[in-house]
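In the block that follows, a single chain appears as structure tokens, in the form predicted alone.
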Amino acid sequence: METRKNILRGSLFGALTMPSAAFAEWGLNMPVGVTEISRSVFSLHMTIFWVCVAIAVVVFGVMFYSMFHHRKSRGAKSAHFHENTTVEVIWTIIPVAILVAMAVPSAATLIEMYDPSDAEIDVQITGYQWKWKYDYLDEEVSFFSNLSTSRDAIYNAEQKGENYLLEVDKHLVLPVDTKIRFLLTANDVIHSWWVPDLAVKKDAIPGFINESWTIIEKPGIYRGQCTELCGKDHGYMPVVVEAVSKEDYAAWVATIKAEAAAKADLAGKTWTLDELMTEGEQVYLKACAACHMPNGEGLPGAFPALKNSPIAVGDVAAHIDIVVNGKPGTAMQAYKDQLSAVEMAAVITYERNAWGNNTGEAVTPNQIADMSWDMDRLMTVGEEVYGKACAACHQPNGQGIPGAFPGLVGTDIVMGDIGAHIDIVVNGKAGSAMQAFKDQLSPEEIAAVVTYERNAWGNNVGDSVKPSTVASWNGGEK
């Protein structure tokens, strides 16, 4: 018992005598951080703290002195007076002076925090239930960052790690000594992106863009969390920022782009049922298990079960549609912009064959790709591709240049056989200026632009081309 008392006394004495810099390393204080802004915030915090301490010492000192020296047992009698102008002026001027003195450094810090100008890198951060999406707008790099703490650790089936609930599968990688602007929004409900060491905390609000910025001075890994109550798994939405040198950042960008290209190539691979099940289990645990539970039994009254459910053992097209496009009015999100075609094909295959469902059905990435490209999306993307790759010759209005480039309004190529139209875009036309676009555009882009040409400018054929059709096209033969 005496030992415990000595430890407590030592701890209290150390806390009271510890220099302010050491306070930042103690769990009861905010961190100094690794940015100029974070140091400014910490300095401001400590300044205001000590001002408050001084005020408390003076106010409570006067109170205790008055209570002790003017207590009734010493024969003190209360005075009866009011409206002392001098006292009232003093107790008005002093607080105003203190507030102004605190406002000056506070305003300077706030002005600095709200100035994202001259940023070298722009990163859009989008909150989802319950993960973050990062889009590097200057690099055309995009990925989701999900909690990587295992469900077994969460449910105490295995030992918790050092960074329990503060670890993710993909870090937000940023270069040091570079001004980075964050653009924050949300896909569903209000989230809040917070990394204490960077002194960045901003709400992510659907339909609205918030801005913040940072310049990280020291390489390392800095962790944070969502700080807005955003739903059932709010506590499972961590942030991990990895600061690296500029050279390492450039190498990481090249690697992540190569991985994305390799991942896109997987869509054309022939997948076996076992391969889809293995991949699908990983995707399910990452993206679906939070609501539908690892055993597929859901949460009664909140999230439906997938084990022996009509959606998982019924019509496969309906199953694909609800994963790709979600279900309005429910918590079921659309995954067409969150998962790749391979990942969606794998997780649907897994759901249809796990937990005793055993339908024996395997869904291919091509089925997913086709389902996600409806007419509206084909026309929207097709217009963009046309403007980029075709309008220079055929003109934005499709009228072409007489004598040089044929028009596409009401002509045989766009109104006639759709196979011939696909073939000329894929393989070009020998002896003419019409290039082969099979090595310039993706199957999705070719499908979209052919669909657009057949339905724009009053053509209105009504045809739509699916990416799988283009992907399987070879020299005019499917």
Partner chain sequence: MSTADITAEHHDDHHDHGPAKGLSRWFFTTNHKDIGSMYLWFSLAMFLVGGSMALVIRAELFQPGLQLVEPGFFNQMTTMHGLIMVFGAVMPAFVGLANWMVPMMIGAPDMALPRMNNWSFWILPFAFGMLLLTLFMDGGAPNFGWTFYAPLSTTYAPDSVTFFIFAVHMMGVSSIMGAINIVATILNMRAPGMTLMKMPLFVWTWLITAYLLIAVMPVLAGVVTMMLMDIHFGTSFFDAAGGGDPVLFQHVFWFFGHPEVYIMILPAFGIVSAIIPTFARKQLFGYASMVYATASIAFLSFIVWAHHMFTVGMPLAGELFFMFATMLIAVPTGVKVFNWIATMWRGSMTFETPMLFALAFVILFTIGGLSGLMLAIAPADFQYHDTYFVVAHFHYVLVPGAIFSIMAAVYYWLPKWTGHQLNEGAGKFHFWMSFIGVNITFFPMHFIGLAGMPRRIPDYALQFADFNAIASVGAFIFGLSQLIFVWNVIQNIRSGKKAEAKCWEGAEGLEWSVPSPAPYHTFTTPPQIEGAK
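These numbers were taken from a predicted model, which means no experiment stands behind them. Residue numbers count along the first chain shown, from 1. By rigid core we mean the largest C-alpha set that fits within 1.5 Å across both forms.
Heads up, the form predicted together with the partner chain isn't pictured, but that's what we're talking about next.
Only one of 41, 409, 413, 422 comes within 4.5 Å of the partner chain in the predicted complex through a heavy atom, and that residue is 41. The partner is absent here, but in the predicted complex a heavy atom of 232, alone among 257, 232, 218, 246, sits within 4.5 Å of the partner chain. Shown alone, this chain has one stretch from 275 to 283, 233 to 241, 314 to 322, 369 to 377 that lies within 4.5 Å of the partner chain in the predicted complex by heavy atoms: 233 to 241.
By the criterion of a heavy atom within 4.5 Å, residue 99 is counted among the residues contacting the partner chain in the predicted complex.
The closest non-hydrogen atom of residue 225 lies within 4.5 Å of the partner chain in the predicted complex. Among residues of the shown chain, residue 158 is not one whose heavy atoms approach the partner chain to within 4.5 Å in the predicted complex.
Although the partner is absent here, residue 196 lies within 4.5 Å of the partner chain in the predicted complex, judged by heavy atoms.
Looking at 41 to 62, the residues that come within 4.5 Å of the partner chain in the predicted complex, counting any heavy atom, are 41, 44, 45, 48, 49, 52, 55, 56, 59, 60, 62. Taking the rigid core as fixed, one finds a CA shift for residue 96 of 2 Å or more between this form and the one not shown. When the rigid core is held fixed, the Cα atom of residue 43 travels less than 2 angstroms between this form and the one not shown. After superposition on the rigid core, the Cα of residue 81 moves by 2 Å or more between this form and the one not shown.
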